[in-house]
Structure formats: structure tokens, C-alpha cells
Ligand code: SIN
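Single chain ahead, written as C-alpha cells, the form predicted on its own.
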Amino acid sequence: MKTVPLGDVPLDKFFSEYWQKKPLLVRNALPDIKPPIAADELAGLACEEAVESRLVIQDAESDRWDLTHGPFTDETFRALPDKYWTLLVQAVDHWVPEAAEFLTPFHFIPSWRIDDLMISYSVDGGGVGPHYDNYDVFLVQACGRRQWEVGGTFDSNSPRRSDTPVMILSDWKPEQRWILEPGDLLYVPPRVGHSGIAVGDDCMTCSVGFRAPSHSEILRGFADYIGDTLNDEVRYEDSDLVALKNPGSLTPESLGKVHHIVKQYLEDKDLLAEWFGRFITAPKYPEEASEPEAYRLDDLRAHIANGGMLKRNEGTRMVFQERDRVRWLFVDGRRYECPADQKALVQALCTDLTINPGQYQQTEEHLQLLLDLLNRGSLYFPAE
């Protein structure tokens, strides 16, 4: 098993005692850590139109908070005060290969549950106030120092300040407090309050956030998917209709028929499996999808013959599911049906960021799968 960044805490103990239950601090979880991106490069990324970014500035004297969404400009950063600001850049792993690599130690959690790597950079005193998230998060100190406070469980009914553009819990009573050094890790479960404040300048924190679809998202998504697959001619039927004493009555028999319609789709496990595979691999930023390529099979063969590797697009999501005699491979919302002899390749595609096609049989089916992923932008030829 690969080494996981949990220090002396065994994986089974982490899941049974901490995961979605209580916070965990791990000192020196990632020894010799190096930030996956430099501070000025992070600022440059926040100037890009396609990148989701925020800037939070606090006036410590008046306790006023300001929130600005990117993209920013060089002038934005030149005008910043000396203290009390934080830059947050979402999904850095989608744009920076080193940031995508940073997530690999956290693959002891199912990869489809990992959402993205958010990176925050703060000067002395910078933070976003006490808040909670609806998902699990690993907070890794990449450089500098940050004080973290945790305490209490909160939800949408918890009091919060109404005079700030960021969510700040008004009834905040921290129960634990630590200062994290580079390489330290803090795990925070969903809805547990936490607050981080930079201690000194050059404070960078990497937040590994996890996907936790709401019940609303799941039900709406599945219902929409079912609806899109059905023909309008498949309709409510009541060939056994009988005369009623009052035609305005909604009978148990009618409700039973509607219940049966809903139930038959909910109990179709294959339908649910296909929808969920497509749903969890749908791109986070579909508007940023790559333009289709036009590689030929000969191009791929030549690349492999020269010892060339293939890289997974940093924004691509892949999972596979074992079926009776095949595997379903889901890539960016698409489904591929892969035969038994593609097992090793499918598993590598879903696990590794760099694919060495030379390690697998160069069958026509293998190459056609790789070619399709290449031309759709889910894989690419890395620069020499």
C-alpha cells in the first residue's frame, strides 16, 4: 500500500475514528514539502479569465471584510495592504501539473470523491474568518505558518454575521488551537467550524477538498438523466380504470401506478450505475473543454515507438466500474465498455497521471481507446 500522509495513525483507525467524525492534526505529514506553485505564479493564475479566484481583505480596526472575485490584474496586487489579506485560487490542480501531482498522496480516499486543490496565500493576519464547509478537507501547510482553530458543529441554521460578504460564524468558540508549520496537515470533517490566520508573511495553505453531492443534486441529476432517456410515448396507463362515485377523487390505485413508475427506475441498478458514473466524471469546468484533436492511429503508434508517454489532462476525471464480463470506464461524462484484456490499461488510466502505453499490449482495441481519449483531450502528448 502507498504511504499515506497520516503520520502514525493507521488507515483503518483514521476511517473508524476521524473520517467525518472529528478533526485530526498530523505533524510533518508531508516531510520536505515544496509548494506546488510559487506565490507570484499563483497570482498570475488568478489573473486568468478561466480561473476561479477570490481575494479577501480585512480591515482589522473596523472589522470590515471585503470580497472580490477574479480575474485580477497586476494593479490589484500592487494596491494590496501590508497585512490582513488572502488570495484563494480554486482548482489549481486543473491548471498546474505539479498541483495535480500534489493530490496523489490523498488517493487513499476514492479518487472520484476528490474535488480539487484550492490554494490560499496570505500575508500576516490574513484569513477568511471562522466558517464551516459541507465537505471534508485536508489543510496542508505548504510554506509559512498558519494558526488554525477548530470547534463546534454548524449548519445552515447557525448564526452568522450579516454584515460581511464571506460566511463568518458569529457564535464562534474555538475548542482547539494549533500553529501549523510547513508539512503539517489538519483534517477537518464536514460542518466542523474552523478558522485560519496567517502568522507572518508568505503563508501558503493547500486545501484538498472532497466532493459530497447533496441529495438534491443526486435526485435532480438522476431524474433529469432518466427523463432525457425516455420517449414521450411512454406514458401513464390505466386500462383497468373503473367508474368512480366522484370523478374528483384521486384514488389509491392512481397513486399506486405513479409510485410504480417512479419505483421501476429507482430500482434499475444498471441505469443508476451508468448515470452516476457519468455524473461524477463530468468536467468541473465544461466550458474549458479542449478543442478536439485530429491525431491518427499512425501518430499514436509513432509516439509510442519513440518511447513517448501520455499524460492525463489535469482537469479530466476518470473512474471504472467492474461489470459481469466487462468494465465500464467513465471519462469526462462519457462511458466506454472495455473488455477483460483491457483491465490493466483501464486501471492505469484511472490511477496514474502519466501513462506508459509500452507497458500494455499494443492491441487494436487498446490503441483505439487511447486514440479516442487523445483526440477528445482527456489525454495529451507531454512536451519533450
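What you are looking at is a predicted structure, and each value in this text was computed from that prediction instead of being measured. From 1 onward, residues are counted along the sequence shown.
The same protein also has a form predicted in complex with ligand SIN, omitted here; what follows describes it.
Stretch in contact in the predicted complex with ligand SIN, which is absent here, among 289-297, 100-108, 253-261, 138-146 (heavy atoms within 4.5 Å): Going by heavy atoms within 4.5 Å, the stretch is 138-146.
4.5 Å heavy atom contact, R113 to ligand SIN in the predicted complex: It does not: once ligand SIN is placed as it appears in the predicted complex, R113 has no heavy atom within 4.5 Å of it.
Contact of D133 with ligand SIN in the predicted complex (heavy atom, 4.5 Å): Result yes; D133 sits at the interface with ligand SIN in the predicted complex.
Contact test in the predicted complex: R160 vs ligand SIN, heavy atoms, 4.5 Å: No, R160 stays farther than 4.5 Å from ligand SIN in the predicted complex.
In the predicted complex, V96 touching ligand SIN (heavy atom, 4.5 Å): Flag for V96 set to no.
Of I168, I280, L310, L88, the one that lies within 4.5 Å of ligand SIN in the predicted complex (heavy atoms): Contact residue from the list: L88.
Answer option from V150, I304, V128, L186, heavy atom within 4.5 Å of ligand SIN in the predicted complex: Of V150, I304, V128, L186, the residue with a heavy atom within 4.5 Å of ligand SIN in the predicted complex is V128.
Heavy atom within 4.5 Å of ligand SIN in the predicted complex - qualifying residues of 150-185: Nothing in this stretch is in contact.
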